[in-house]
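Given next, in structure tokens, is a single chain: the form predicted on its own.
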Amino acid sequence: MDKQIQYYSDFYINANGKNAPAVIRNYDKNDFEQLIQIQAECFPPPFPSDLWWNEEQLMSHIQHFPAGALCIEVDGELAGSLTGLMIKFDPNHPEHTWEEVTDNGYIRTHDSQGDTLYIVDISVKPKFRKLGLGKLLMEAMYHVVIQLNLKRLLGGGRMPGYHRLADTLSPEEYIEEVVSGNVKDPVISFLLRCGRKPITICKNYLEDNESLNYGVLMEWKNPFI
């Protein structure tokens, strides 16, 4: 039987100087329209709209691994989402692409006997950024890892600042500079603040001009295993 749990946490966050009620929960089909709108706001043109979530992908998420389909509401408005699946991960052979692991976002590759929760996507509406919602979502997924007794949370992070320094730094050197704090990267610096640790760099991870198609595999280990 597949491992499934229901997630629900309600609390308050400080938004523009006022405390607002917030909830992190599993998303369902009633949220699909808002989830697609979040993608549209996070990835506006020239980003192709056919790469936003579609209803078939979202339905696949809640059918294959509803425990890994999380969203956050602020004052009743859907503000962001985080999606994952379970895989078997071999640290001795870490190389892969986003498309291979996530089934191009459909997560039919979900393995209920896996030992690792793999992050597919995280998105927060621009107007809700700088409120720490992304970190709250990530911490919620750590709770899922612990509840399911998995070894780790894993995912490939884009390194969108790399193209500006690629003439002088290798991908490995760039990540060393970000980890040391000498360089700030919008994605990798955020993942570091969430407690994630870089373990390797994957070539051709995702078609991404800013990252020169590199992805940084970032890990969070279950502290109870």
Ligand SMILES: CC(C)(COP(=O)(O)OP(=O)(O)OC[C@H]1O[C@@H](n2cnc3c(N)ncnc32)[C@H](O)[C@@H]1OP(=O)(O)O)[C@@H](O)C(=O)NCCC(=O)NCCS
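The first residue of the sequence shown is number 1, and the count goes up from there. As the structure is a computational prediction, the values presented were derived from the model and not from experiment.
Keep in mind the form predicted in complex with the named molecule is missing from the figure; the text below concerns it.
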task: Please name which of the stretches 164-172, 178-186, 29-37, 58-66 has residues with heavy atoms lying within 4.5 Å of the named molecule in the model of the complex.
output: 178-186
task: Give a yes or no on whether each residue among Val124, Leu133 and Arg158 has a heavy atom within 4.5 Å of the named molecule in the model of the complex.
output: yes
- prompt: Is there a heavy atom of Arg193 no more than 4.5 Å from a heavy atom of the named molecule in the model of the complex?
  reply: yes
field: Arg129 within 4.5 Å of the named molecule in the model of the complex, heavy atoms
entry: yes
